[in-house]
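Starting off, we have a lone chain in the form predicted alone, written out as structure tokens.
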């Protein structure tokens, strides 16, 4: 058995616009998904530990069981699509290296403390960890760049072409990264004091990406909003390099406003953003696709956690420390 893990992420800037080739800056945080992979006979078996799917197992050998789990069916279907796609990518990577992998079956055990669909990159972390662990179980150790690319292919397929390289590259490399189209690079980043507020819910990434696409097609001026997010990201990179937290916070606030204008915020997210600002945050914004899930705020962690704890919309709040490791091979 081999075990790999990868971190979740928050977006400092750029979600949604990154789908249209604009830059984005996500940061890996200290929440992780872990995948343990072991060869078996009789088809692919997937077990979930702490993925809001506690105790659930599905076996792929010509039929599937229907788990009773407390998550929306679309999230469950997507979660299984990610694992299936990850195993397919691991097999393909092995085949390209002359390893016969088509008939190999696996038991995959996923444990994660990243909430599903909350904008914290749960799917990317699961995919990165699963591809790496399955490939190593087949005797193949993938370079990080190839791993990130293969993980992106899985997300792109499951999300019907609506994914960017941001989440999977960040989960693989760790730290802060910059994504613009197919160009991906790591960034030197100060240890920013970030706090995440979570409303206990989830958004449908594919549906929200499609919603923004529909707005752009119906109202051509919406493309200007998307471009404005890109301009904001470029300013944010300079502020990040200078560790200018006042400017970073101001830009985070503007970014949230632009995302709200695209219709991807929610009352709970807006309420948490304002609670964080009232609690002294330099800035706060939703993170991820939106529609529910999480916000990220920049400021004193103790003060922001306290402020968010009093917000009725907030189910949980925590200090999101930067994770510089990215992919980690836990059995080595």
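Positions refer to the first chain, counted from 1. Since we're looking at a predicted model, the values are computed, not measured.
The next section is about a form of this same protein that is not shown, the form predicted in complex with another copy of the chain.
No member of the trio 144, 159 and 209 reaches another copy of the chain in the predicted complex with any non-hydrogen atom inside 4.5 Å. None of 187, 215, 140, 80 but one reaches within 4.5 angstroms of another copy of the chain in the predicted complex through a heavy atom, and that residue is 215. Scanning 250, 149, 111, 88 against another copy of the chain in the predicted complex with a 4.5 Å heavy atom cut-off leaves one residue, 250. Using a 4.5 Å cutoff between non-hydrogen atoms, residue 257 counts as a contact of another copy of the chain in the predicted complex. In the predicted complex, another copy of the chain sits within 4.5 Å of a heavy atom of residue 219. None of the heavy atoms of residue 34 is located within 4.5 Å of another copy of the chain in the predicted complex. Residue contact with another copy of the chain in the predicted complex: residue 44 places no heavy atom within 4.5 Å of it. With another copy of the chain omitted here, the record of contacts in the predicted complex names 261-269 of 36-44, 261-269, 22-30, 297-305, defined by a heavy atom within 4.5 Å. With contact defined as any non-hydrogen atom lying within 4.5 angstroms of another copy of the chain in the predicted complex, the contacting residues in 268-288 are 270, 271, 274, 275, 278, given in sequence order.
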